[in-house]
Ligand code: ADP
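Next up: a single chain in structure tokens, the form predicted on its own.
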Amino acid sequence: MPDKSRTIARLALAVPLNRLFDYSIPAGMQAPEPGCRVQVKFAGRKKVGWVVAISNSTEVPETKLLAIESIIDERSLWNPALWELMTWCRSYYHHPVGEILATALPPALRGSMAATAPASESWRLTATGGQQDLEKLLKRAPRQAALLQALAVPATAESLSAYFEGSDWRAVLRNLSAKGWLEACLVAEASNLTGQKGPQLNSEQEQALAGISETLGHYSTHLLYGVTGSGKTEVYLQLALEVLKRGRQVLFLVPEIGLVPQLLRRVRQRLGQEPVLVHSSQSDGERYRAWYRAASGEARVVIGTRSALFTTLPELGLIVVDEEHDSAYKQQDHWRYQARDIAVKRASLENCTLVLGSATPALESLENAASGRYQLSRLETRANRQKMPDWQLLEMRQQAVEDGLLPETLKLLADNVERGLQSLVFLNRRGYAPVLMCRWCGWQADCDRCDSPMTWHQRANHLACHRCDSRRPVPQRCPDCDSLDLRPLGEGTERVADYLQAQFPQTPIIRFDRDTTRRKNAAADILAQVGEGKACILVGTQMLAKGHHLPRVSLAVILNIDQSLFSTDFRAIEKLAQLLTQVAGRSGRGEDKGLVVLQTYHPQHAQLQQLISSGYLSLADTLLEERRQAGLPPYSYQAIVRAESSHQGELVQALSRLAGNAEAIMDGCVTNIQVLGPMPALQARRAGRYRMNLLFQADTRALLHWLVGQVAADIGHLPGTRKIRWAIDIDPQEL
């Protein structure tokens, strides 16, 4: 019988169990409100939980019912709309609510630390510091000059960390403070900046701005389509300025941490605001200070990556999701949420305006605009009136190719170097070669834990698996036949850069990938070097394709994309078109006309030709019609139950039983639901664990969630389920 003699708190705990836990509230303790943290004992250990509801009854027997030990927060850590969003996330993503709540808070608040005002760190130039000759200082002490330049206006620790991307700027600051050139100041002073007037908008920008401005103050979602270099950011900034004038807060989301510094500079310069930053590279203290300044209303602008979406903002008036198509907005492990979609829900709950911006919008967003759920604005010309780059397809069949490059490509690069301009060579594969093979017996270096080839990194002299990150030395002889003739197959950025350096010994060849940007401040240093405008050739992965403004790049060369033209993933062409368009958009953004060169074995591929001749939106229309006829998203709805285990047999048995149970649940349903699988994941083994999927597809979202809810509840009752790592992926982006 339910116990009605006590007041019960239903708590969410950060454990992988999708349920709430009942604890009694001791006599004399005031019942905490939902959203507050409390401390309890769980499995014999102290743990922090969040109050979700208060009840007068529980099914837990008296002998097993534990009491709350202490209340940490006097008030909820969330404003009402954000708390409702967290509840919605639980039901939509079928994920344990305790883990969702923990993800949404800075690490410091996942424990028992009280949410009190943190000590703020801000600095400004003294009169002496402001009189220093930066040009002279730059020659003998460049780090000091850079810090003085960054502090031309007062700045917080978070801003300086973003400027210098985690390098030891504090040591330089201490040195300059000792000289009397810098001094501490209040954070309010660092926020009291003077904004500068922006450039004159063109007619397309003015029309887009006017259309979105009309909806400020209530919920609306706008898709801002703009070709690369069309001035989308300027529209964002002018909208943000209007929202700030109305006394509301602004949230900017970008897909990558590397894009935070440039947006930070423009916000400080244009809006006269010191934003707070939220991203995974920050320390726990930085994340907490950012959260507190935003939650208290002191910070009026927040800039961050996908996790910044959950920042408490009591006066939110505008959300901007830049590069809304980017796959980085989709969390691919743990809680697999899509930040772009949650931004739509948050905007509706907060009654504010949402702007989704991209030169290559996701097909889901274009369909939402076509159906009237989103309002569409177009920027189809570049803001500087420069024409879009020309395309040139170079056929690779029956051609001499050396280290991935055609002779004609080399000539174009040489011509660009001769003109004193910059070039970009894009290859979405790092390392020297993706395969190391024995010429005599065919042995190749495969990862023992993933059953996939290991990439040879020549300079580091090791083999690395880019799936599980395991490494091992490069063998001197073939392990199978003892041959010394081990040869690299294929090209990575390292091999292409080495080849280009041999061809252009007097020209800087700058590699920009995850290997060359691991060191603190490395990415900023590389971009600063390119920003000087001297002739060079950039060789990089998709890190280069995301939002960087490189005005001296007039030639973009794209290598090795053919495999995506024939992928079994129905999203492959969409992703390829987005990538090609974004890479092409780095070319010709300055005074010089741009050229994009694409090497391919399939120059007549119909969809490739359509992209080049008619543009991304034309191809998107074709792809949407194909999806409609095939009944694929966005015209149907998908979810994947992902499972992995060290024992393949147990995995197959558990997923087969789950699929059978799902079929039994659907028996008699007249609507169209499909259960496909179990099937191996595309990466069937990773880090020694086998991986399999069960795919669900339905005509309606409600029906899909009903079935997934039934299946999720069934997982806990499967034999051996504790030996399997489960994940439910709603609206999957990778099959």
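Only a predicted model underlies this, so the values are computations on that prediction, with no experimental measurement involved. Heads up: residue numbers just count along the shown sequence, starting at 1.
Although not depicted, the form predicted together with adenosine-5'-diphosphate (ADP) is the subject of the following passage.
Only one of 144, 233, 375, 273 comes within 4.5 Å of adenosine-5'-diphosphate (ADP) in the predicted complex through a heavy atom, and that residue is 233. The contact residue chosen from 383, 651, 81, 550 relative to adenosine-5'-diphosphate (ADP) in the predicted complex is 383, the criterion being a non-hydrogen atom within 4.5 angstroms. Within 4.5 Å of adenosine-5'-diphosphate (ADP) in the predicted complex, a heavy atom is found for none of 642, 683 and 688. This chain is displayed without adenosine-5'-diphosphate (ADP), yet in the predicted complex the stretch 224-232 from 406-414, 275-283, 224-232, 242-250 comes within 4.5 Å of it by heavy atoms. Of the heavy atoms in residue 638, none are within 4.5 Å of adenosine-5'-diphosphate (ADP) in the predicted complex. The closest heavy atom approach of residue 201 to adenosine-5'-diphosphate (ADP) in the predicted complex falls within 4.5 Å.
Taking non-hydrogen atoms only, residue 103 never approaches adenosine-5'-diphosphate (ADP) to within 4.5 angstroms in the predicted complex. At a distance threshold of 4.5 angstroms between non-hydrogen atoms, residue 628 is out of contact with adenosine-5'-diphosphate (ADP) in the predicted complex.
Along 250-267, a non-hydrogen atom within 4.5 Å of adenosine-5'-diphosphate (ADP) in the predicted complex is carried only by 266.
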